[in-house]
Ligand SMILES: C[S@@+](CC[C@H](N)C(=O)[O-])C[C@H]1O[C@@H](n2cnc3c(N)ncnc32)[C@H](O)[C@@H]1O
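Let's start with one chain on its own, the form predicted alone, as structure tokens.
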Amino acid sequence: MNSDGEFVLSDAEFEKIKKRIYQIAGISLSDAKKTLVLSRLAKLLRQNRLPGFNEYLDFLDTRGTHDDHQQFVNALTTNLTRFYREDHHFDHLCQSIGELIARDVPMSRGGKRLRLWSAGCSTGQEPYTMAMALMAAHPVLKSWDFKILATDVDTEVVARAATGVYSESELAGLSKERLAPFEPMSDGRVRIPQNLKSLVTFKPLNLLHEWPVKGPFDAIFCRNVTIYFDKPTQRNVFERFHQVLKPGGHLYIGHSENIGTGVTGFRSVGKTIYCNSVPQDKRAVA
């Protein structure tokens, strides 16, 4: 902290922070993010009454609780999202699930089964859009065993997403038709109706750690998440998605992302849309 009472982040301290967030969450921070890191972590230094970043890192190493470590991760994640972001993904999802429904093949002994995963769900707009779009396009799914798993490394946004409550400003740009499912609240906010909310299960999950998910998934959305990973981490995550995605299932990624080389079994079928083209018994173990 300098004489004006403002924190100063040295290059050495920044390198330590970069190494820590990479090891924990796979996030690869560029040097251009130094000012952002300083501003986001400064409130945690104040909260813990620490004079500087070295003292904060020592605090995490020696006295920090699980919550303290999670706050560090939460502070350095980015959560930009909106309803129906990248429309073409939801159009394709509705089309592909429509083809699945048309085949009318039971997916399990218990009946017709549909499983989707929103990996990096942020404040919930993505998985709720998946639910709204599919139920509007295919009402027959009411009789299916249909569930959406929504996960994020940031525990704060997961908790908020689970409430299903949004401000009117977060609905900006939606058509009258797309606004129809939302229920108005007395305080001016809106909420996701229970019939749609019940389709989505929110859980915190770090994509670098073990995935307590069974699958197989018919579709996985992981959009604008791997842009924060380096190439080896990206490749590892895509390979692991491949293992839990059904043959013929689809992976949807962000507009500035691509599968890249070294990951087998995916075939491009549209703009940032990939199909798992390898039969299950021929897939390599990640």
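Not measured: the values here are computed from a predicted model. Throughout, we count residues from 1 along the sequence that is shown.
Separately, the form predicted in complex with this ligand exists; it is not shown, and the next lines address it.
Between this ligand and the residues 178, 160, 189, 85, the one pair within 4.5 Å by heavy atoms in the predicted complex involves 85.
Only one segment in the set 169-177, 91-99, 142-150, 206-214 has any non-hydrogen atom within 4.5 angstroms of this ligand in the predicted complex, and it is 206-214.
At least one heavy atom of residue 223 is located within 4.5 Å of this ligand in the predicted complex. Residue contact check for residue 81: one or more of its heavy atoms lie within 4.5 Å of this ligand in the predicted complex. Residue contact with this ligand in the predicted complex: residue 59 places no heavy atom within 4.5 Å of it. Contact check for residue 273: every heavy atom lies farther than 4.5 Å from this ligand in the predicted complex. For the partner-free chain shown, just 126 of 123-145 comes within 4.5 angstroms of this ligand in the predicted complex, judged by any non-hydrogen atom.
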